[in-house]
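Below, in structure tokens: the form predicted on its own, a single chain.
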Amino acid sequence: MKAIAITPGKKHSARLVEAEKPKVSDIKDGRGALVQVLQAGACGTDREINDAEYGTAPESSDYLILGHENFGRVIEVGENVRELTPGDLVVATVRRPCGTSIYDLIGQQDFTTDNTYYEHGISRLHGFWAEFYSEDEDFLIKIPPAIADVAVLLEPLSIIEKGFKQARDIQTRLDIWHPKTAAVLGTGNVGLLTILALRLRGFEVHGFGLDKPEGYLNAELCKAIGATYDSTLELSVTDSVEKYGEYDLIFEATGYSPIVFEAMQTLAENGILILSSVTGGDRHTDGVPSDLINQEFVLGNRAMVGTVNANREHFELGVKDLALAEAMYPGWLSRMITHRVKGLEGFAEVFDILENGSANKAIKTIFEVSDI
């Protein structure tokens, strides 16, 4: 079968390979399903792996098949599969409980404390930029046909769902928490999905991006669902408090770490800040009013938490939000998918879009591997 693979540690090594087609029998105990990939999403993680910033091949391979955002159709199932049948539409979760930490053992591998971890298309497991994959049914999320056109967005949405779940869990420290206002920092695909999910929950939402709003699709999408959009070139997050007031919840999705210190200064009392960016490098931030931030966090009972990876629960929550979004805002999610590349052979085009997303006015880029 065709797949797109890289050689870990070698920059710009992405290439089309002929890989062995997986089999249902690859999964033990007869619990496997063979899945035909219909669509696969591309994001900054894939670009960074191709840039040799990280990425680890499976032990038995000298290459790593890329891709963690996926959507497919079940072709065949093992004898002990109970919840899936051929023809079902599915999305696979990404991380697997292959480690030794207590969290792996209890099925919360997204919280693993092991330095070695197993993620499809990222670390030690082949990914989904391929024509087929086989997987245990425990890690396959059934997708209603009504959201088939946008189900490829489920994986990034699952990270957001995890962040919200953690926020709710943390805020059980309060007998009553009725958040009303939220700020979302960054309006790329993760930021827009966050804005959508917050609007579905009834929040007054204010999105912040770098680009000016005129002719900017991301800004139009914010406004289309009742959120505001501001360019940080014209209104800083800190100054936005004078316009909108302090925020009960802030979700950061920029990839720019200094903005976190601005966000920390704009939280309301009992507010919570969710961080989703994985920032590399050694950037230092001068001029941070650390005494003031510390004082406000302590006296205002504020909290901050990070969200990365997700487990089955968060994917299932995401399915519900995708379905609700399609009902409340028909066609909105499809507008987010700005670039559709036909076939895995177009991988070079995909990486060009990832490298020059702003110039290409890209929000979300996907491979259309097979017809839905």
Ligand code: BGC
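All residue numbers are counted from 1 along the displayed sequence. In this text, all values refer to a predicted model and were calculated from it rather than measured experimentally.
From this point on, the text means the form predicted together with this ligand, which you will not see here.
* **4.5 Å heavy atom contact, Arg95 to this ligand in the model of the complex** => Result yes; Arg95 sits at the interface with this ligand in the model of the complex.
* Asked: Tyr117 near this ligand in the model of the complex, any heavy atom under 4.5 Å?
  -> Tyr117: yes, in contact with this ligand in the model of the complex.
* Asked: Would Val308 show up as a contact with this ligand in the model of the complex if we use heavy atoms at 4.5 Å?
  -> Although this ligand is absent here, Val308 would touch it in the model of the complex, with heavy atoms inside 4.5 Å.
* Indicate whether Glu252 is a 4.5 Å heavy atom neighbour of this ligand in the model of the complex. => No.
* Name the single residue among Leu140, Ile122, Val205, Ala263 that comes within 4.5 Å of this ligand in the model of the complex, judging by heavy atoms. => Comparing distances to this ligand in the model of the complex, the residue within 4.5 Å is Ile122.
* Could you spot which one of Met304, Leu324, Leu317, Cys43 gets a heavy atom to within 4.5 Å of this ligand in the model of the complex? => Contact with this ligand in the model of the complex is made by Cys43 alone.
* Tell me which of 253-261, 151-159, 125-133, 71-79 has residues with heavy atoms within 4.5 angstroms of this ligand in the model of the complex? -> Going by heavy atoms within 4.5 Å, the stretch is 151-159.
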